[in-house]
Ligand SMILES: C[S@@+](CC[C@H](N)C(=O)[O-])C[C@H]1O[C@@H](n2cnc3c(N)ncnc32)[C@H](O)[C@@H]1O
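One chain is shown next in C-alpha cells, namely the form predicted on its own.
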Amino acid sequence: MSAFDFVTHFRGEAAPGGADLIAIDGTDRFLLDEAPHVHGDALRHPGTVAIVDDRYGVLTLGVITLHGAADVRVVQDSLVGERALEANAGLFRRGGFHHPESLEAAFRDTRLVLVRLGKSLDRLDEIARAVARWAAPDVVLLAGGRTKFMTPAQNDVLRRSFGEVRASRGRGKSRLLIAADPLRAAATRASITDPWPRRVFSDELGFTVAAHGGVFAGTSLDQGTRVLLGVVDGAEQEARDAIDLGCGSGVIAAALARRRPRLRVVATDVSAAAVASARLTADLAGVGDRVVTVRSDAGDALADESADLVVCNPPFHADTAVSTATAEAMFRNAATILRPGGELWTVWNAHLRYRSALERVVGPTRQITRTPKFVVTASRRD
C-alpha cells in the first residue's frame, strides 16, 4: 500500500500492544488543512518545516505527501510516537524527515512549525521559546488540540514568545492557535533569567532537581514519590543493580544512588525530556557516574534479569486520558528485568488496586505502607 490513506488502521510498533489505531483524527486534519493557508511558501522549501509531538506520524507524512514538504524536522518527546512514525513511514514508503538532536537544530531558520498540544504548559513554553529564538523572522507556529482540553493559559504562554497570537474558530471538536511575529529578544532574555531545563535545589532531598518542560512533577517532589522514598531504604539491602522505571526527572534514581554508594542505577523513561532531565539531575546530585539513563517504552529496552531491585511510580494518565495500560506494561517488563528473588517496589494511588495485577504478573506482593492516598507494595519475583 503506497498511497497515503487517512483512514487506514495499522498494527505493530505504531500500535503498542498490537491494538488497532486510527491514523488520523480531527485535530491532525485541521492542522494539515490549514498549514498551506498560514504559510504555504514554507511548505515549498526544503528544511523549513518542523513538526512537534506528532502522535502516530500523520502530521509528518501528511505535510510530505499532501503538501510536498521535504527535509522535515521532527521533535517527538514520546518514544512511542517516534516508533509509530518510523513504522508508518515504512508502511507508506515515505521518507523526507529526520529527528534533530536539539531544539536549536530543530528550529533554526524554520518558517512553519506544527504542534500537537498536550496538557503541559511548560512543554509549550519550552517549545515556543525555542521557536522564537531560532526560527526565521516570518515563522508561524500552528498549534492544535481538542477544544475541551484547551485553555486561555495556552494563549498566554504563546504571547510570552510571539507578538501575534490568535485562535481559530472551532472545527468539529478541535481548535487551532496561530502564533507569529517571534519575540526573539524576549525569548533570549528568558533563556538567561529562567532557562530550560529548570533547576531547583530541594532541601528535602539534599540535591538539585532538573526538569525540562512537560516532565511529570517538574522540579518538585510529588506526593507518591515522597511516600516511596520514605520506605525504600528497606528494599533489597544487598542489591547491586537497580532500575528507576518511569524515572521522570530522575529523583528516585539520584536518591537511591546517593543513599547506597555501591548501587548502580538505570533511570529509564519513554520521554526524551524525562531522560535528559534525569541525566542532569544525576550529574547535579553528584552520582552521574553510577546512574545510566536509557530511553525505553516501559522498560522494554532493558536486559532480562539485569536488576535486583526495580522502583516504580507509574503514571495513570496518558496526557489527558486516564489509563492504566502503561503501569501494567511496566509490571510485565519488571518481571523480566528482575533477577530471581529480586523485588519491584511500586507506589500507586490507593483507588487503583494494582495488587492483584502485581501478584499475577510479578509474584508474591506485600504491602509496605499505606497513606490515605497512596500504597507502596513490594513484589518478589520467584
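Numbering starts at 1 and runs along the sequence shown. A quick note: this is a predicted structure, and the numbers were derived from the prediction, not measured.
There is also a form predicted in complex with the ligand; it is not shown, and the following applies to it.
Of the heavy atoms in residue 112, none are within 4.5 Å of the ligand in the predicted bound form. For residue 296, a non-hydrogen atom is located within 4.5 Å of the ligand in the predicted bound form, even though that partner is not displayed. Looking at residue 42, you'd find every heavy atom of it more than 4.5 angstroms from the ligand in the predicted bound form.
In the predicted bound form, the ligand lies farther than 4.5 Å from every heavy atom of residue 26. Using a 4.5 Å heavy atom cutoff, none of 50, 76 and 100 lies near the ligand in the predicted bound form.
Of the candidate stretches 191-199, 264-272, 139-147, 168-176, only 264-272 has residues whose heavy atoms lie within 4.5 Å of the ligand in the predicted bound form. The contact residue chosen from 247, 310, 254, 127 relative to the ligand in the predicted bound form is 247, the criterion being a non-hydrogen atom within 4.5 angstroms.
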